[in-house]
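The chain that follows stands alone, in the form predicted on its own, written as structure tokens.
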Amino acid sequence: MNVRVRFAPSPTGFLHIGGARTALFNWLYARHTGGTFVLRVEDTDVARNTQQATDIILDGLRWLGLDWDEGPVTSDPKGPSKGDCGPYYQSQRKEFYARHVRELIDKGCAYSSEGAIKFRMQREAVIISDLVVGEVRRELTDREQVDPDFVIVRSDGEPVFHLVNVLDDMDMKITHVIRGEDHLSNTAKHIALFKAFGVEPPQYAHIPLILNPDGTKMSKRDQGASLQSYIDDGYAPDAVINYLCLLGWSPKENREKLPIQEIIQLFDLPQVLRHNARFDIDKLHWLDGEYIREMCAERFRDLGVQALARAGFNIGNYSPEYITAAMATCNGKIKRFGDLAAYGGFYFTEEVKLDSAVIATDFTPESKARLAVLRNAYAQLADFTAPLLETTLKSVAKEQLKIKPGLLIHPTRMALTGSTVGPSLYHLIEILGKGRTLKRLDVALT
């Protein structure tokens, strides 16, 4: 069987962390089996759907590295890594839906009712053979026993979720529907629709829900529910991907940190856990720190640049060589890219802002007099390298000022970075260069 799976988000807000995990499990299953991962935007709800919400979903998938395999040709420069295909949009397939509604009416499987169109639901129980949940027998509820039929086209002419979901799965030859367990209640209706069209339903796999630490269902309003919050806070996408895999799936030997290529090899639907998963932010913090600690220099640089750009720094004003050198001094020093702006943002601004309290305590007349001596010594250097910068500062402190180097190091760091913590002082001075260093010292002295 050529496995074909899909992720079908509705663009009515941000990308929920549960939706991101659903996309991930579909993507993993496609990559594990050598199948196809289809992206389909369910945007038939005109009143609630927005282009901004669609962009947030697509950008979130790209950030996670979840590339999709087919769709209409697009010129979107931010398209997926596999060619120039965009997602399918249900709003562009209305004639396709209308044609199949007429087919159901002609078969006697659907009928008009108060301006809407309803599907004639079967009266007997529906058996759902689920690859995760097991066999489920769906009986009609008391209300459904009175009238089990359901609307497939609203009175305004818009097709509803149940219909378009089934028609698209049928048309796109989806073989496996992997989605959250909260959709299990819809599956009986979907199976009935497939049968009405004379098509064998796909195999269903309903994955466990994601719960808050207290065991309640994670809603859109809960902290940490939005994937965008992890992007904004500077988490490494590698760590988020790894952690999402552990929410409802478990590799053998209780391993937790696994590279994505190994996860692809190991992932399979029988290993998806039956019980709901509790979100553990502490474990995500730990994974994020581990990924950043072990990250290669190039990957650290790229993610660091993205984090600084999100924080408002204009990285494009600086040369690639300067950026690489600056990022190298921050590598291994932060646990989250959201901390990078405070730790190394001084590299990418031409003005260090010092508040009045810092000026009053760190730039007293005596301190500025010492700093002026160091500034003049640095101005005389032809070789502006870390070893010589260190030797010069210590020589000025010992021989000219008769003080301990620490009394000179602290105000120098504050003048150049505006912070008491940061990269190695002498290496950051070398990277800033002579021009920027002297200019910042001059500003501090005034």
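Residues carry their position along the shown sequence, with the first being 1. All of these numbers come straight from a predicted model, not from anything done at the bench.
Note that the form predicted together with the RNA isn't included here; everything after this is about it.
Partner-facing stretch of 271 to 279, 346 to 354, 100 to 108, 168 to 176, counted where any non-hydrogen atom is within 4.5 angstroms of the RNA in the predicted bound form
Stretch with heavy atoms near the partner: 271 to 279.
Heavy atom distance at most 4.5 Å to the RNA in the predicted bound form, all of Val160, Gly332 and Pro423
So, yes: the whole triplet contacts the RNA.
Is there any non-hydrogen atom of Gly304 lying within 4.5 Å of the RNA in the predicted bound form?
Answer no; every heavy atom of Gly304 is more than 4.5 Å from the RNA in the predicted bound form.
Within 4.5 Å, heavy atoms only: does Ile409 come near the RNA in the predicted bound form?
Yes, Ile409 is a contact residue.
Exercise: Leu247 in contact with the RNA in the predicted bound form, heavy atom 4.5 Å:
Close contact exists here: in the predicted bound form, Leu247 approaches the RNA to within 4.5 Å, heavy atoms only.
Touches the RNA in the predicted bound form: Glu139 (any heavy atom, 4.5 Å):
Looking in the predicted bound form, residue contacts with the RNA include Glu139, since a heavy atom lies within 4.5 Å.
Within 4.5 Å, heavy atoms only, which of Thr216, Asn317, Gln261, Gln223 is in contact with the RNA in the predicted bound form?
For this set of options, the contacting one is Thr216.
Name the residue from Asn376, Ser155, Thr361, Gln228 that puts a heavy atom within 4.5 Å of the RNA in the predicted bound form.
Of the listed residues, the single hit is Ser155.
Sequence order please: the residues of 167 to 191 with a heavy atom within 4.5 Å of the RNA in the predicted bound form.
Contacting residues: Glu181, Asp182, His183, Leu184, Ser185, Asn186, Lys189.
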